[in-house]
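In structure tokens, one chain follows: the form predicted on its own.
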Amino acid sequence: MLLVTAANGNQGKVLLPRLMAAGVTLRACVRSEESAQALHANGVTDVVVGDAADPDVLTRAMRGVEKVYYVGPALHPREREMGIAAIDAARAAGVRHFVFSSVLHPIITDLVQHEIKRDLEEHLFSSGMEFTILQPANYMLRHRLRAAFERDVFALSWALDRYQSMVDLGDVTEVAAGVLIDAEQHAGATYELVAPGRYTAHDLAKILSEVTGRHVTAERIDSETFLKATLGAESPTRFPYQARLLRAISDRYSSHDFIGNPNVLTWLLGRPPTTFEQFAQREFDAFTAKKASY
């Protein structure tokens, strides 16, 4: 039995079909009944619903499980506490192998979510369980291209001349599936997952221009506008923790590059990783096909 947490999130939606296609016996853990219904509709039969901060939910989720793929709650004020509780619950339940979805360069402690994942890595090291840690760069995500496809604008909330490395979500979940299926071969490993290329916002806009056949402009949005777009109009007062994390991201990425190396991902995939150019073309083709169907 293999448990996947946050199973209806960005990774889970792509990972679960891969695991089911490989015949893996799955259990999914999600927070809401709505997410559970979505998983049931896609063929997942064993779903635990509830707040992962609840010890009873963790106990039910871990019971009878041999392997865990743990994806923490994004921007959650109790992320550290919940991660430690999940590792402890897995150990208590006799889980043999714990695979942790971390982040590239968790040692960057002025990014709060990185520092938390660093602490969880340390706790996992000390747990006595077999482990594998995946450290992906920033995801290439479809929704980040919407403005470029619809309005010819590629927007970021940090300095446009800073370099960043990224990774395709499909490549990350392909690696995760391989690690989970053949866990013994990856025991004790920590893998950086980074696609080729280092890009400024202007570089990305140029690629999007080539893909769309139109001139796409890079545009910086201020952090407060970004907060409101991400968390809602009253974000600083209603979500102070999340607002602090998002401001820290904007500040860090405006003063430092965030880059990595693709060698490890290339080896794990056994092929060249997906480039941003390939990702953008794939998403633009899907966007165009969907628009033409209306």
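As the structure is a prediction and not an experimental result, all values here were calculated from the model. Just count from 1 along the sequence shown to find any residue number.
If you look for the form predicted in complex with a small molecule, you will not find it shown, but the lines that follow are about it.
Asks: Should residue 31 be counted as a contact of the small molecule in the predicted bound form, where contact means heavy atoms within 4.5 Å?
Replies: Result yes; residue 31 sits at the interface with the small molecule in the predicted bound form.
Asks: Is residue 250 close to the small molecule in the predicted bound form, meaning a heavy atom pair under 4.5 Å apart or at it?
Replies: No, residue 250 stays farther than 4.5 Å from the small molecule in the predicted bound form.
Asks: Report yes if any heavy atom of residue 9 sits within 4.5 Å of a heavy atom of the small molecule in the predicted bound form; otherwise report no.
Replies: Yes, residue 9 lies within 4.5 Å of the small molecule in the predicted bound form.
Asks: Taking the shortest heavy atom distance, is residue 163 within 4.5 Å of the small molecule in the predicted bound form?
Replies: Output for residue 163 is no: heavy atoms all beyond 4.5 Å of the small molecule.
Asks: Among 200, 138, 209, 223, which has at least one heavy atom within 4.5 Å of the small molecule in the predicted bound form?
Replies: Exactly one listed residue reaches within 4.5 Å, namely 138.
Asks: Taking the small molecule in the predicted bound form as the reference, which of 111, 180, 194, 82 has a non-hydrogen atom within 4.5 Å?
Replies: Of the listed residues, the single hit is 82.
Asks: Looking at 184-192, 112-120, 147-155, 83-91, which lies within 4.5 angstroms of the small molecule in the predicted bound form, counting heavy atoms?
Replies: Going through the listed ranges, the match is 112-120.
Asks: Candidate spot 170, 271 and 274, all three in 4.5 Å heavy atom range of the small molecule in the predicted bound form?
Replies: Not a single residue of the candidate spot has a heavy atom within 4.5 Å of the small molecule in the predicted bound form.
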